[in-house]
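Quick setup: one chain, the form predicted on its own, written in structure tokens, and binding and motion questions come after.
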């Protein structure tokens, strides 16, 4: 559209158009990533529950034997990764939606990333340590 009313067709202000402000287009990818991790956790929860039930009442040696199976290690590690990734995305969306101070938002997002990595590494370390019987 051209003409005198073409600038009226946009609801964005001229300053917003110059700055390029508007939809960041990242919400859709976060939405789908969170759904994919949720589906992964749904698929993996049954074997995780079975493993946890097998571990109930076992001593360290028996737990090490159960967790020594490559299948169990892979399932537990994948479940941990999916869970932590799901948690990170959900918390990031909450921070982006409800924290309005940009410096605080940036600090919280960085903290969320570090926390998520720390939780994932600690959980995976524990799984591997138990699986190798150390």
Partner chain sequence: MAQHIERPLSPHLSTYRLTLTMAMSVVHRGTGMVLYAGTLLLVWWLLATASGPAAYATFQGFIGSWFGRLVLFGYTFALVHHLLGGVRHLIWDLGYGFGPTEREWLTRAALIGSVSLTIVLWIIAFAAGGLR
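Note that the coordinates shown come from a computational prediction; the quantities given were computed from them, not determined experimentally. Residue numbers count along the first chain shown, from 1.
This next part talks about the form predicted in complex with its partner chain, which is not shown.
- The shortest heavy atom separation between residue 58 and its partner chain in the model of the complex is within 4.5 Å.
- Within this chain, residue 101 is remote from the site of its partner chain in the model of the complex, having no heavy atom within 4.5 Å.
- The closest non-hydrogen atom of residue 75 lies beyond 4.5 Å of its partner chain in the model of the complex.
- At least one heavy atom of residue 122 is located within 4.5 Å of its partner chain in the model of the complex.
- Of the residues in 82-98, those that come within 4.5 Å of its partner chain in the model of the complex through at least one heavy atom are, in sequence order, 86, 87, 91, 93, 94, 97, 98.
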